[in-house]
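For reference, the chain that follows is the form predicted on its own, supplied as structure tokens.
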């Protein structure tokens, strides 16, 4: 591999394992993470080397656990970082930026993690790609598997948005809908992964490698800010992996000398009120509670037993961040506010991020004097069902100028 990795290490007990397909410690069942030789990375990586790389996540190959040569690559990453002055004014903030991952190949940040996972899967000899998903990962795995010529199975809750099922099946994947919530889907997939050890479940037996793709959000933000760190980042929480790895990514930039100093970026989380186990744990000063039954329109965040919930909680606490939770009505308002002010149509997870950003701004957690980045993780074209019949044509008129002028007059002078 290009990156100097030293295998996998248990986050809980610290035991080391080889670079293989393994997702929990064989001793204590703790989660595993990729270990890097940061001194070796620091000797080879610099700004010029990165700038000379491709306009995708693979420009950061020195800090990813797979070889970019022959990568399963649809061009994920290097998405825009957009200055959001109109939205900032609405929220009473100063310098606000939006990391717009709606621009990824299948419309969400999941293309980052999938590209890394399936590249590593092929290196390990897997021929079948699979995942448990709330929708975005299903889209991404199906598309990348098609690119790689791999057979593909995806498992989703049966009540998933129809658009996400269609945009998965079109790539030729076998879509298996489960009569249950995501946590039940995930448990079934863990059983299947144990029985089908020749299947690459990207978020189960390949999870340690898969999760590393999320670090590239942090790498890009820093590069796009001129190799400077933001003060505060707001990230939606589903499993908690995205927030945890963005936090890790910012730390790694300092470890290998790509940014100066060792300043910690504050990191805050955003959850839907109908599935907010991590937010509740932070408010209670406790551990993440036993699984909750999701009840929210934000289906991509509807994970009641977040695998990395405790790690996300630690990252938020140690960086002096916070976690807010938004109601379904606030989520819809957040989607519309973002679209109206900045021209970005986000899915419900993006509505959660903006709604929670507004809450955190009102509470003074996110401050006007901070350089703030909000992560918009997926496109709203996947979740139009969330609006029901509340949006549509402003009016229907006859095809005549008189009809239009009459309508225009009614808008200007409502009775």
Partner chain sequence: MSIVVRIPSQLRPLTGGKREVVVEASTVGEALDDLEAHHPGLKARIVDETGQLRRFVNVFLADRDVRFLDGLDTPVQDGQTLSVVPAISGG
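Because the structure is a prediction, the values reported are computed rather than measured. Residue numbers count along the first chain shown, from 1.
Same protein, other form: the form predicted in complex with the partner chain, not shown, and the subject of what follows.
**Report entry** Residues 31, 194 and 303 all lining the partner chain in the predicted bound form, heavy atom within 4.5 Å
**Finding:** Yes, each of 31, 194 and 303 comes within 4.5 Å of the partner chain in the predicted bound form.
Margin query: With the partner left out here, check for me: in the predicted bound form, does some heavy atom of residue 328 sit within 4.5 Å of the partner chain?
Written below: Heavy-atom contact with the partner chain at 4.5 Å: absent for residue 328.
Give a yes/no on whether residue 87 approaches the partner chain to within 4.5 Å in the predicted bound form, heavy atoms considered. Residue 87: no, not in contact with the partner chain in the predicted bound form.
Report task. Tell me, yes or no, whether residue 152 is in contact with the partner chain in the predicted bound form, where a contact means a heavy atom of each within 4.5 Å. Result -> No.
Contact flag, residue 209 vs the partner chain in the predicted bound form, heavy atom cut 4.5 Å
Result no; residue 209 lies far from the partner chain in the predicted bound form.
Out of 106, 203, 79, 168, which one falls within 4.5 Å of the partner chain in the predicted bound form, going by heavy atoms?
-> None of the others qualify; the residue that does is 203.
Check your understanding: Just one of 244, 268, 216, 186 has a heavy atom within 4.5 Å of the partner chain in the predicted bound form. Which one?
Key -> Going through each option in turn, the one that passes is 186.
Exercise. So which of 285-293, 227-235, 172-180, 142-150 is the stretch with heavy atoms within 4.5 Å of the partner chain in the predicted bound form?
Worked result: Of the stretches listed, the one contacting the partner is 285-293.
Just to make sure I understand: among 213-239, which residues lie within 4.5 Å of the partner chain in the predicted bound form, judging by heavy atoms? Only a single residue, 239, comes within 4.5 Å of the partner.
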